[in-house]
Each structure stands twice: as structure tokens, then as C-alpha cells.
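Structure 1 and structure 2 below are two forms of the same protein chain, each written out on its own as C-alpha cells.
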Structure 1
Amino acid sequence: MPQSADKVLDHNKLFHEPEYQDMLKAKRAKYENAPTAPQVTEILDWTKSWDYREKNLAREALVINPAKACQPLGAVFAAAGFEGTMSFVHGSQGCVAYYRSHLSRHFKEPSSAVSSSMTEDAAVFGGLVNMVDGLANTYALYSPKMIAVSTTCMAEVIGDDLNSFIIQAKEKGSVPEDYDVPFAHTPAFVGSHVDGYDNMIKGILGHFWKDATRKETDSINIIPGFDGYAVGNIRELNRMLREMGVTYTLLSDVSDVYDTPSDGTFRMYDGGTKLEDAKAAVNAKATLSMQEYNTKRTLELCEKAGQETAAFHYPMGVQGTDEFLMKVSDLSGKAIPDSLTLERGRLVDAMADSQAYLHGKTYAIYGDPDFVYAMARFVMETGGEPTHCLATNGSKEWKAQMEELLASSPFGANAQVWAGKDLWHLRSILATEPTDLLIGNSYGKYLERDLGIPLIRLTFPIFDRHHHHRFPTWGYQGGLNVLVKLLDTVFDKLDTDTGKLGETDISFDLTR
């Protein structure tokens, strides 16, 4: 055998050993009835043709590898940003295991959430008993300060009423009568994780603000939205606002719970927005959303409470950061400090230093609507061309906003916007209209492998690279990080293309 107790091989080497290769070959021949290698090549080549593209883009009844997740994932993420809060997902255990693993694999941290463990009997008779027992167990075992309830498909299909169930659970003594149990209906079969985030934030604020008497203050509420770079971005956001001297409340702060230290103490809950601050947030003069499509319903709630609202599209790069800081300055009366003005100038200088390597580069960008908008805008600031912009959870409204953005710059003249399309659509698009670079998440590595287009991982989820989320992409400092990622990929590709000794290395430059 190729390994022993003294020599344990990782799977990426183990299965290339002759014994395993022979076993896999025999399995294909005996059990799989696999097509021949020429047949595979023929079909593979056809799937990269214009003929296949037309058929692929015409499909309506099937989604293949969508660039989105389901609502409860966003709800679990949103709830994690509040002090001592445990997510309670009313549905099956398997669904909740997916949310926990998805978040844990990206942030490299434990992601706590519990389930009401609905099975076949609950699907027939309803999940009230599961809710009553589940809330009691959660309260007793994990001692949370708040339990935030969301739902999976099963609970929504049978029509379980969360408000009624929670009231009955309190009557049966599962948790104290005055204990905070906000909830949000988050059916996984409609919308996406950004809608789940929105519904849960609205549910939590609606719970605390119900019947509250508002006394306006000078404070500003900030809602970050669902963000794979939340750890770095929230800390950068805090830094900028503190430098401005602004009074503010961050609603759903996950920067600590998804970045706990290894010091011998397990922190199931860490940091987060204090519950008292969430209650007092009704008194803020305004609420700002860092991501419009993550907070549409929540901002409606804030407006009904009498607050001014404004929404941004993931404030990355020069213009995105400018717009955010100027709005904060206008609302707070605080001037933008010289320190941030200097950071802006340094970002512009860095972009100018490297413009020769980014000007004219073409990009395919996919992800959530606000991220794609921000990334396309930043790419155009560097002189790049966002040729294909795709958001599976993008709406007609988003598409119109994107087209307006792209029309504002000559670098957007050749861009195409793909709302509601998935990554298998994107494969056909890039096979027929390739770009220089691809920006998205880890799932883009299959497009990179199939089509030879370098992938830059800048959005959730990132499973196959570590710790990117600890560094910001928001603000001028975040823009500098993104700029470096773009440039490193361009230079890596240059080195690869010019690295063959005696043939292509005439441009294998040491200094660029």
C-alpha cells in the first residue's frame, strides 16, 4: 500500500498512487458504463460553443450552480451580530448543519445555531411541540441573552405560525414571558440569503421597537449587510467613523464572533451589538445601509419609525467611499478628517502608479447585487472594463441600476448585465466571450479550470483560501487591498505567460 501509520498521505497525493488509479479505472470500466474519452471531449467542446450557449441561456426550468444561498443562511448570519444571541432555525437538522458549515468553512470559526429538529411527524401535524421543546432546551443549555428564530422550507410549506408558536412556548414555560425571542419567516424556496438577512434584521428591530416612544438623538444607525469580508470591513468602518467623531450604532456586528482568539477560552458568543443599543436605535436620526439589496424591508421599518434613511452599494473604491463619508458628514455635522483625505489620496496615487497594467483589462464579475455594483464601479476607476456582470439574485431594478452605472463611463460601454443567471450560464458566456479576469467566490475555480481565466476571490464564500475575510475591502484602505489583489493576479499571469526559458521569457521582468 502507498501509505502506512508512519507515512500518511493527503488525499491529493493518495489517489494518484498506482493502486488507486487501477481501482478507479476498473470501477469506470465495470460499473459506470462511461463514454469514451473522444466522446467526452466532443461534448465538452460543444458545451463551449455558441450553439450550446443559445440553448443554455434559453433554459427556464432549471438552475445550475446559482451564485446565491438561501434565506435562512442570511438570517443566521444577521442574528450572530447581536450580543449573546443564539439562532434557532425552525426546521430540519440537515438544513441547519448546512448554514453552520457554510459559515464555519468561510470564516474558519465555529458558527453556532440550533434546530427545532422537525421530521416527518412535524411535517404532518405541525412543529409546535418542536418549538416548545427546542426553545426550552436552547435556553437551558446555551444560556443566550436572546434567541432569534427563523425558518426553513419545511416549516414554511406547512404554514407554521412563528408568532403563535413563540407565544404558546412562553405560556408553557419554555422561556420567561419577558424573554426576547424575535423571529423572521425566511422561506428558503424564494429570495436568497440577502433577503433572509433583511428579514431577520427587520424582525429583531421590529421586536425591540414595537410600541417604543421615539426620542430623536444625533446618533446614526449603520447596517453592514451580509458580507463575507465582514470581519475586516466592520473594523475598518468602525475606524473611519471614530476618526470622524460620529455617534453611531452598528446593527449586527459579527466582527468578533467570527474572529475569536485561541487563548484557551471558547466563546460561543463574542462581541455583537448590545441588546440595549438595539432597543435605543429607534431614537437615531437616521439609518444607513451599506448594502441596499440587503435591507429594503428594514429601511422601510426605519422610515416608518421617523428616521431618515440612505442606502449604498458596498462602499468600495474611491467614489463608493466618497459617497458614504460625505453622507455621514452631512448627517452628523462632522467634517471628514485630514487623515481620511490622505488615505484617499494614497489610494488614487496607487491606482495611478499601476494604471498601465489594469487599463483595458476585461472582467467578468459575479456575486450579490451590491457587491457586483461596487466591484464594477471600482474596476472602471482603474481603467478596466466590467464586460460581464452577473447576479443570480439580481432583480430588474438592479439591472437598471447597473446599466445606468455602466453608461456613466466609457469603460462600461461594452458591458452586459445578467440578472437572474447562474454560473453555468456564465460558463457559456465566458466560453464564447472570454474576459481577462474573473471576480467572484470559490465556486469560480471551476470556471477558471475549464476556461483558463484567472479567478480573484473577493466575495462569500471563500473556502479554498484562508483568512481573506480578516482584511477590509471597504473604504480607501479596503480599496487598496482590492487593488493589490487585482495587480497580483495580473502579474502572476504575466509571469506564467512569460516563464518558458528561451521561448517566452523575453518579458519575464523583474521590475514592472
Structure 2
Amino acid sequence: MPQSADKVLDHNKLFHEPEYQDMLKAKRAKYENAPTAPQVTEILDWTKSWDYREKNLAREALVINPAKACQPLGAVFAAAGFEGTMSFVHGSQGCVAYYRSHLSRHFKEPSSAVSSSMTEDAAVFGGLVNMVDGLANTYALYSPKMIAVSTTCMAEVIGDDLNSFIIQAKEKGSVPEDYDVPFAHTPAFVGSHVDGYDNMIKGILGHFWKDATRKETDSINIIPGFDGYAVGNIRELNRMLREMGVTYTLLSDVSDVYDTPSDGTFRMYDGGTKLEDAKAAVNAKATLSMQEYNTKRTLELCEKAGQETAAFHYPMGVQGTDEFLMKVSDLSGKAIPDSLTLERGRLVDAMADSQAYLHGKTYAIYGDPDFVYAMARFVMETGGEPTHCLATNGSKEWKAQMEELLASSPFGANAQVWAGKDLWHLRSILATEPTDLLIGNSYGKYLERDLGIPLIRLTFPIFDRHHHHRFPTWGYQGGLNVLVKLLDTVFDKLDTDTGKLGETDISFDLTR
């Protein structure tokens, strides 16, 4: 009997005990009708071949392990960044359970959102009653300052009209007439979570700005975009902008609501962009987007309102941060302070100290379009080669931007850009053209297992490592965090490869 109270074995060890191993082998042999070991080996080898790669890349209908989620997730995330705001997702209720679970698993934090719980009768008659009752219940129970409405694909397919429904709900007294209920249609069958983010921010700003007369100020709006590292990154952004003395408004600040303290009180809402600030943001002279592909439609709205706009690709590393700070300086008229120049020097210093270990390393990078752009750029700054750059939700336009970036450096010469491909494509690509390192999220662990390429988790979602999102990847300080993660992975691999006593340990060096 393997189990004992003294040393309790859970699944990590228990099933490797002989009693269980024998049992599982017998199950497979007797009842599973399983393929034979040689059959399995043959197919396994084939899945790593060029022949398989060609067939795999020729897929037209089937999508396997895509690195993207659907629009409403982005909408719920965006809305969470506004003061006292409850997301109300109109449609089937299971979706909301999924978004909440997904965000909680990543941030290790509460994630609140409600559903209008539409069922078959709503599919036939429309979801107006669900909206009317739902808004009233949400308003009464959770006392939000604002309710941000988005949609699941069910409501989109049957064509529910949010604008009209919300007006009718107000007429029926679900919420006060002047209560803020911005909305966004967020069909899951168009784009991905980054588009949902865009649509919701646009919905909220459109709601607050629609009747405003704009009086331009010196303030700058900054939209962070969908970001698993938002907690660390937004705080780092705030710190840099404060050091510069810039007047600014963050539009959607989730850094507090996804990082509440444990002190005995559950805060359903915390921090976020103040509603009056969101309203006043129309007066800003400019709106900057930290992630172009998260804000295409929103920036159009800002331009229409008369603002200057600029979009970045998730500013990370030396040049990404340089560009961002210079643009902020340019717009605000505030000089970049010596303190930030000093930080820049420290990041460059660290990169110079460690360059020998990163120069020439090859990478596969996947994630959202802006992240992949930034990561590839930073990798090239270290002398690394971003050999495979993949975004399941990357467009042709993104591919062209990537190719331009890669062409700008000799380290991008051998790189390939994979727009619209998924992680099963990436498995074939890496099985045939492997890289030294893989950068992505937790789902990348399957590729790491199958192909032996070390994974560095630097983008959403990260379920199987804790708290990384509390540290920034943006700015020079963030660059340092990213640098250390790359280096630690390289050093750990070196130690593992040289770590067997008496066998491989010739180069098991104390100082590296």
C-alpha cells in the first residue's frame, strides 16, 4: 500500500507507484482497445515530420489549440478597469462563468461579472425581458457605479439590439434614466478578445463623449490594452509618467481590481478609471494606445473627437520604451527626467553584461499581435533571433508590420511570421525547424513537453505559475524583468544539460 498518513502521496507521486502502474497497464491491455506501442511510436514520429507539417499547415477548417479567446472576454477585462463597474454580458450564462473563471485563474483574484441568463425562450422571443430584469437585479444587488453591457454570440446571432434594449430597460425603471449603461456588441465569431477590448473601450468612451463639447487640455489619454501583466505594467506606467510630471488619464486601469489586498474585506470593485475622468478624457489633446490591435476602432473615435492619436505595440525593451517616452515627452512638453535616463542606462548595462548568453539564441514567440511584435523587437535587441513569430489573431496587416520590423535588423533575417496559425501548427513548425527557446503563455507547456524547447511564460494566460503578472514587463524596469526571465531559462537549461554527476558535468560551472 503506497499511501500513508505520515507521508501523504497525491496525484503527483501516487500514480507512479507500482500498484497503480500495474493497474493502468492492465486497463490499457484488457479494455481500452488501444493501439500497439509500435503504432503509437510510428505516428508520434510522423507528427514531427515535414510530411506531417505540410498536411498540418494545409488545414482549412479545423483549428487546434488556438492562441486566442473570444471578444466578450476582452470586453469584461476592459470594463473592469473603470471605477465601480459591473460587466453585464447579454446572452447565455455559461459564457460569463467561463470569463470569470479564466480571469481568476490567471490573476488569482476575484472576477465579477453578471449574465442576462438567456435560455431557449429568449432565443425565440429575444432577450429584452432578460435585459430589463437583469439590469434591475444587478443594480439592486451589486450597487455598481456603471453597468457595461456586452454580448455573447447567442445574443448576436438572434440580433438583439443593445441600444434599444437599454433604452427600454431605463423606461421600465430598471436603472435610473441618467445612469451610465455603456454597451458594446461583441460577437465571438468576429476577431478575438483584443477586438472585444477595443469595442468595449469605444462603447464606454462613445457613451461619455457623445454629447460633449470638447475643450482641449494638455492632458494625454493612455489606453493600456488587454494585458495579462496589466497589474505590474500599469503601475510601472504610472510611475514613469509621474516621474515625468505628465498630466494623463488611463482609460481602463485594472491594476487595483486585479490585485486587491487580503485584509478581511472582499472588494468587488477597486480603483479603476474614475467615471468623471473618462468623461473629461474627451478634452485631452491626444490619446495613446499601448497596443495598436486593441484599439483600432477606439482610436478612430478619438480622432473623430479631434484628438491626436498614436499607437504602440506593447512597448517593451530599450527602443520600445524609448519611443513611447519620447512620444509622451513630445506631446506633453515634459522632458524625460534623468531618473528615467538612469534606468535606461541600467537596463542597457544589464543587457551588455549578459549579452554573450543571449546573442544568437533563436526563439519562437506567440501571443497577441502587439505582444509578439514587442517581444521580437526586444529579442533582437539582445542579439537573439525571433525565428518564428505567431499570432493566431494576427492579420495580414500585422504580418506586414512584423516583416518590416524583422527586416530592420540582421537578427530578423531568418525569421518567419505566422499570422492566423495555431499552436498545433507551431508544433509542426518547431518539430521541423526547432528554436532554442519558446516564449508564450501556459498553453506553451505542451510544446515544451513534446519538443523539449524551454518555455518562458510572458503573456496571458499564465495559470501554472503564480504572481508574475504583479511585476512589470513594460518600461526599462520591466525590460529588466524580462531579461532576467530569458537569462534564468538559458542558465537553468545549461545547468540541466551539464548536471549529471560524472556524465555531463564537465561544464557545470560555478560562474557564468
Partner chain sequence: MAKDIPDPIAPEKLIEEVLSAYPAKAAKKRAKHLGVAEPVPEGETEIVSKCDTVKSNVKSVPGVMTIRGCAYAGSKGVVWGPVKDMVHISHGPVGCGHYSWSQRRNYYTGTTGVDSFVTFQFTTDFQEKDIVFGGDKKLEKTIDEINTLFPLAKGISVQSECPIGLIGDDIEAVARKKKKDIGKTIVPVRCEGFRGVSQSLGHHIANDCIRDWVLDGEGSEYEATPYDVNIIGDYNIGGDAWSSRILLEEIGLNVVGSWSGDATLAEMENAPKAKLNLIHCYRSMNYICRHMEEKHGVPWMEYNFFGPSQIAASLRAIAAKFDKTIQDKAEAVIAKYQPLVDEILAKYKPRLEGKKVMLYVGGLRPRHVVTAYDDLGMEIAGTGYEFAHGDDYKRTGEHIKEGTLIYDDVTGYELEKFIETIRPDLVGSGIKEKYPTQKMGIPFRQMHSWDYSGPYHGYDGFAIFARDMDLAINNPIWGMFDAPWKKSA
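Computed from a predicted structure; not experimentally measured. Note that the rigid core is defined as the largest set of C-alphas that superpose within 1.5 Å between two forms. One-based numbering along structure 1's sequence throughout.
The chain appears twice here, and it is structure 2 that represents the form predicted together with the partner chain. The two rigid parts rotate relative to each other between structure 1 and structure 2, and of 128, 42, 98, 27 only 42 lies at the hinge. Hinge angle between structure 1 and structure 2, smaller rigid part versus larger, from C-alpha superposition: 13 degrees.
CA movement of residue 19 between structure 1 and structure 2 equals 5.4 Å, with the two forms superposed on the rigid core.
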